[in-house]
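Only one chain is given next, in structure tokens, and it is the form predicted on its own.
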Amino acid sequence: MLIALLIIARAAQIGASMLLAGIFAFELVTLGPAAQPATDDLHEVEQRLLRLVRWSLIVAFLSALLWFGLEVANMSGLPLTRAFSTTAWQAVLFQTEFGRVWQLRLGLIVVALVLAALGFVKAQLRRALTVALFLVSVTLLVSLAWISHAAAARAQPLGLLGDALHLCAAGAWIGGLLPLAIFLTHARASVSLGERAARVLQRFSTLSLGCVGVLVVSGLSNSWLLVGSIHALLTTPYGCLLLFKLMLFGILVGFGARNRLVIKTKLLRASAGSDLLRQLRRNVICEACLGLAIVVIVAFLGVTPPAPHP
């Protein structure tokens, strides 16, 4: 039961952290100059993204508390219902590496909630708040590397760096799929956003291509450090989960390549027709679902001993 709850908490925490980084990367990099001049339709997209930020932060906060409680129960041997009723949680929070990372993460989530609330109240500060929230979200995402298998293998500092880069690339690409789907939903019904769609898609395509390159290199490096051999990859639970993740990643890259080479090429050569945007939006939603499945597998991998370990 505790393992199942830990997988759920890890998946929610990783997914929310990736989504936060993806939203702000989308606003700063993908929308970028395409957001000028501002229109009412674009303002509506930004408001929807800000509401998505708020809910992502709530999920991140609640899943962080659940994950911490499960770790306290695991380390102390107490049932989850008593994890916060004794001093065990204080020992975990202040005397362990996990606890110190969790202090940072909870602090960053609170700061992000305050900044997001300011974004609702003071629209004129939106750009500066977006930059600040982007930095906070990237730090929040990268901090997950310090509680990963790569961090446990202290003899492999390159593995920790590779894990951090892997998380950043996944957040910018996979985390940006839902914001892109929201933009395309509004672009179908708005002439002004429809005219910007080609530029937004071109920028997102370029960003995702770079992220795929980083994911491949860092993923191969981390896989070799944590699996160690082809035999372990094929015969251990960790290796089999990793193979399943790689299979889904290949399908996800295939969807992205089709969007880049076929649909987006048509969109750049012609006007942004509603049918074409609808087809592209459907493909992006499929990519987001595959990305969610990958996040769940990553959560499973986090509770599975790496292949070289007994």
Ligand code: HEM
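In case it trips you up, residue 1 is the first one in the sequence shown, and so on. Given the structure is predicted, the values throughout are model-derived calculations rather than measurements.
The protein also exists as the form predicted together with protoporphyrin IX containing FE (HEM); that form is not presented, and the subsequent description refers to it.
The partner is absent here, but in the predicted bound form a heavy atom of 242, alone among 57, 242, 45, 277, sits within 4.5 Å of protoporphyrin IX containing FE (HEM). Between protoporphyrin IX containing FE (HEM) and the residues 140, 201, 174, 187, the one pair within 4.5 Å by heavy atoms in the predicted bound form involves 174. Looking at residue 144, you'd find a heavy atom of it within 4.5 angstroms of protoporphyrin IX containing FE (HEM) in the predicted bound form. In the predicted bound form, protoporphyrin IX containing FE (HEM) sits within 4.5 Å of a heavy atom belonging to residue 18. The closest heavy atom approach of residue 257 to protoporphyrin IX containing FE (HEM) in the predicted bound form falls outside 4.5 Å.
In the predicted bound form, no heavy atom of residue 66 sits within 4.5 Å of protoporphyrin IX containing FE (HEM). Contact annotation for the candidate site: 167, 220 and 223 all lie close to protoporphyrin IX containing FE (HEM) in the predicted bound form (heavy atom within 4.5 Å). Contact with protoporphyrin IX containing FE (HEM), judged by heavy atoms within 4.5 Å in the predicted bound form, is confined among 23-31, 58-66, 248-256, 45-53 to 248-256.
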